[in-house]
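Take a look at this single chain, the form predicted on its own, given in structure tokens.
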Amino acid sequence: MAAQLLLSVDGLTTSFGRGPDKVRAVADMSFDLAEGEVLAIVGESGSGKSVTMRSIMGIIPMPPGVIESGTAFFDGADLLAIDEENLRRLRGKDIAMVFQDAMTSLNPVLTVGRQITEVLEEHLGMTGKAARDRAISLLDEVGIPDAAHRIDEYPHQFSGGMRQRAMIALAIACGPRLLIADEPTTALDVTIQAQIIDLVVGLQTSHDMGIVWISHDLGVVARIAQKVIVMYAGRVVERATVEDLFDAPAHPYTIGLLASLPRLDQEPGEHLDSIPGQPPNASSLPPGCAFAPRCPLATETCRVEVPPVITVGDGHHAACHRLDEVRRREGRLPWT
């Protein structure tokens, strides 16, 4: 039996500013997420990953931000159309978000425990000892040692990894159905990153949450996700299952990202490949495919026409004018 659809986003377009200064940060973003599924959104900094999910959560500043079009249905309600009061009821209870930097996300003047009990009071009506005991249980669940003592400590008394664990405890406090993780391991060292990833994967299984994991690290994505969206300059360039994306990438940008990953069969001293050039300035995107200036297969058509999203296979789509050529080369482009 197929899992029930949890979140359905269609045609989301978000911009900042007005007139000649307007920057379109996300253009025509669409995806579906089923219950219990992990979807990863990957791309370089500025590709629109975080803006996409912050638009859906209703936490982009407006102005200067403007959601120009689109829908985002969650449990029958369009998150882009409902009023702030109803959206606030969903945030923290049914939908939760873990941010990249826990130090700036946690309130420095409240104890970690108080920040968790506030959420329990607001959304579940828990008070007093019941709320405190639940907060201790949550801190223990996310792997914070001596939780009964550390519940009364402040964020600055926690290490970076412990703060991120506390943020996850805060996020799962009310049993959300959807968890958005916005590069939650970026500021952590490799060992702690692995621990946090294991923690989230374990929680996803035990709580049966749908997860949107925002990242620039395809290695992490391969480990945790079932489906992947690759973004570039505010647009989706490829959408696939994680197996299809790694086995048969269909967009030159995706191929370039994969070629830059270390491989087990790599010889000692062998250099990693890299994509030449720089991502475009969001305020002055080229008229055609935004990746064309960096793409070894680009033609004049690529430089003047935005490519449509084309079906590559079952559940696999890519936005590329040169799809046939990419297939012919079987993922081996001139820079690889």
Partner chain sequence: MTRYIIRRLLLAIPVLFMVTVLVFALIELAPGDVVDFFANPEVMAGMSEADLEALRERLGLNDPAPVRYLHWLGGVLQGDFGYSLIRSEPVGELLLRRFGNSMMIMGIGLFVAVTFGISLGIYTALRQYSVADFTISFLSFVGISMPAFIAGILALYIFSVQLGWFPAGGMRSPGVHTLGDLLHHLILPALVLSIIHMATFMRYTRFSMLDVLKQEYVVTATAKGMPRRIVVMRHAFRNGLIPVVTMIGYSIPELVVGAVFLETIFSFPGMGKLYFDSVISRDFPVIMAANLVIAVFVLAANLITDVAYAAIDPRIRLE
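Residue numbers count along the first chain shown, from 1. All values derive from a computational prediction rather than experimental measurement.
The protein also exists as the form predicted together with the partner chain; that form is not presented, and the subsequent description refers to it.
For the chain shown alone, Asp140 is not a contact residue for the partner chain in the predicted bound form, no non-hydrogen atom being within 4.5 angstroms. The shortest heavy atom separation between Thr205 and the partner chain in the predicted bound form exceeds 4.5 Å. When the partner chain is considered in the predicted bound form, Gln195 lies well away from it, no heavy atom lying within 4.5 Å. Taking non-hydrogen atoms only, His123 approaches the partner chain to within 4.5 angstroms in the predicted bound form. For the candidate set Pro108, Gly219, Pro145, Pro262, a heavy atom within 4.5 Å of the partner chain in the predicted bound form is found for exactly one residue, namely Pro108. The candidate spot formed by Leu179, Gly210 and Val228 lies out of contact with the partner chain in the predicted bound form, as no residue has a heavy atom within 4.5 Å of it. Considering the partner chain in the predicted bound form, the lone stretch of 69 to 77, 240 to 248, 115 to 123, 185 to 193 in range is 115 to 123 [heavy atom distance within 4.5 Å].
Residues Arg54, Met57, Ile59 are the members of 45 to 60 with a non-hydrogen atom no more than 4.5 angstroms from the partner chain in the predicted bound form.
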